[in-house]
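Structure 1 and structure 2 below are two forms of the same protein chain, each written out on its own as structure tokens.
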Structure 1
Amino acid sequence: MKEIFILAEHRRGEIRDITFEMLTKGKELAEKTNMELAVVLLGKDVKEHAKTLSQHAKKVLLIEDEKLENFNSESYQKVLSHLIKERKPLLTLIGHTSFGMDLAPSLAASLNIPLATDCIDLEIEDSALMVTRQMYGGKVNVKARLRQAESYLVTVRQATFPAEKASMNGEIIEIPSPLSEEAANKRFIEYVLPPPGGVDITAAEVLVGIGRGIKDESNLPLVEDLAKALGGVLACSRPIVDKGWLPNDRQVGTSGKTVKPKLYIALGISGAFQHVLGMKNSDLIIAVNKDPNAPIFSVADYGIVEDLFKIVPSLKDKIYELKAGKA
């Protein structure tokens, strides 16, 4: 039976969300095409990860090796190339992350197979692969058919698919490592954390996003206080970055970052599709905007048609009041 591979991405002892998002799509494709879903897990001492992943796929292909303790695209390429040649999956999904962007092009070139990057959807039709990608800054979705091939490689945009719970109790298959020596051209040196004050909005559980409605840079402390009260961080739409009020690592959208927090509060954000595509998969979205016809309300779970400068102070005070009551 043909297989669909999902490459598990893990970092510093944790499986990254993109893995479970790809598993959701992989399961859907496998069920539609009567294929088997298999997770490929590379690393050192990662058997606990294998147990977790076995709940999401029919098989976990586990390859452990000291030389795979840290991600190295050269080592990963050798292992995956060996595995793909041997098992011939129809499709291999890799996250469109810093890891995936480093690995996928060279892997596809080494195997001489078609590659589609940064995909937001995909379908299999008569053993041919159809992918959906965005062009012109997210203004256009393009659906393309890849040339007919025995195997395909795709990188998937983060936060595109939901990470669903599963209980499949799949089989864990341990495979000997094909690596005989350390990578010759690349080596892992150290993991560098963001600098003090740096923020990774993709990892935040609560985000307070601001747009043009904030009016002036002097109003930033007001919304930042709300974010702190919620235990979250400040994010923004592109106009705020263009004005230089917040750094570009805070931007949400197709030209910024794709996020999926538990709570996203949009303050004074109109909801241009470029921004919405970057946050629409948040668990809970609350929008505050004076314009009742603002597009942001079409994706919000709760909407407040009001001036944010009236809402934010009251909301912040209420949060602190509730926290004081629990103390």
Structure 2
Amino acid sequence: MKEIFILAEHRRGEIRDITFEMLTKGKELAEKTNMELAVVLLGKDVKEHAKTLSQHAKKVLLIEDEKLENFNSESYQKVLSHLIKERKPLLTLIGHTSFGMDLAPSLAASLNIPLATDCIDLEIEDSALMVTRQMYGGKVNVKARLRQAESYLVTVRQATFPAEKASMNGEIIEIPSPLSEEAANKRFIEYVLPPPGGVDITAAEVLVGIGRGIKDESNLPLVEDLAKALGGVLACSRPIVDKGWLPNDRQVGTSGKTVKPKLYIALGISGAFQHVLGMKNSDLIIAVNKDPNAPIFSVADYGIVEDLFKIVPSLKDKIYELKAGKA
């Protein structure tokens, strides 16, 4: 029986969510096409992870090796090409994460098997693979077909599918590591944790999130005043941190923080998925953007299609009026 592989992603002792999200989709595809779902787990001393994952799939293919202790795309690539050549899965799913982005493209090129990255959906029709992905910062969806092949690789966007719940009692199959030596050209040194201190935006009840639409650093006081009026703090999208206008502990999104305030006001933020993943579970989302087609409006509860510089001062005044009325 043909297999579908899910590559388990784990870091610093934890299985990452994307693994369970891919399991949901993988299971659905395996059932539809009558294939067998197998989780591929590489690492050092990861039997506990294997046990956990065996509750989610019929098979866990476990390869343990000291040389796989930390993620290293060179070593991972060697092991996976060996495994894919040997077992010829129709499809291998890898997370579109910093881990998968470092691994999947060169793996696909080395095996010469087609790869589609950052997919938000996929289906198998006969033995053809169709994927859905996004372009232009989420403004356009694309349906695409991969070149016909015996094996395909797909990287899956985070938080696109719900996490799979434990429902099985699968088998753990230990496979000897094909690695005979340490990676020759790439070496993992260490993790660097974000510096402690600063403002904890994850603890704030009200966040005013600013994006590139705020145009210039000199406009910061204006939005700061609004945040103050609301008793909240400023958060931001990535470009604001990249430009050095706010420190990186204020960044919301996949490479920043995940926040869930009572109120998130997005000002001049387009709504790229990397940002949205960090704020979409806020209780109330209000977005101001002059572009009616900005993707942020599909996660916002209330949308205002207007120049933020017209809305922000009026809103600040109204809030103070309200507060004065209360007092």
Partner chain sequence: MDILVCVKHVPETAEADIKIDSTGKTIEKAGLVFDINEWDDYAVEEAVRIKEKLGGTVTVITVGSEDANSTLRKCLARGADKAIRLSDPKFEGSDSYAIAKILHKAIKDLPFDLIFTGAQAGDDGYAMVGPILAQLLGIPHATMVKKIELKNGVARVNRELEGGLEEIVEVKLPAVLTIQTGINEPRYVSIMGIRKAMKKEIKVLGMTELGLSENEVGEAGSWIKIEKLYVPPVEKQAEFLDGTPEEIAAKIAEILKARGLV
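Basically, rigid core = biggest C-alpha set you can superpose within 1.5 Å across the two forms. What you see is a predicted model; the values in this text were computed from it and never measured. Start at 1 and count along the sequence of structure 1; that gives the residue numbers used here.
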Seminar exercise, completed: Block containing the form predicted together with its partner chain is structure 2
For this session: Taking the rigid core as the superposition reference, indicate whether the CA of residue 244 shifts 2 angstroms or more between structures 1 and 2.
Result: yes
Exercise. Quick one: core overlaid, is residue 15 moving 2 Å or more at the Cα between structures 1 and 2?
Worked result: no
Problem set entry | Core-aligned CA displacement of residue 260 at least 2 Å between structures 1 and 2 | yes
Exercise. How much does the C-alpha of residue 218 move between structures 1 and 2, in Å, given a rigid core overlay?
Worked result: 13.3
Problem set entry | Core-referenced Cα shift (Å), residue 235, between structures 1 and 2 | 5.4
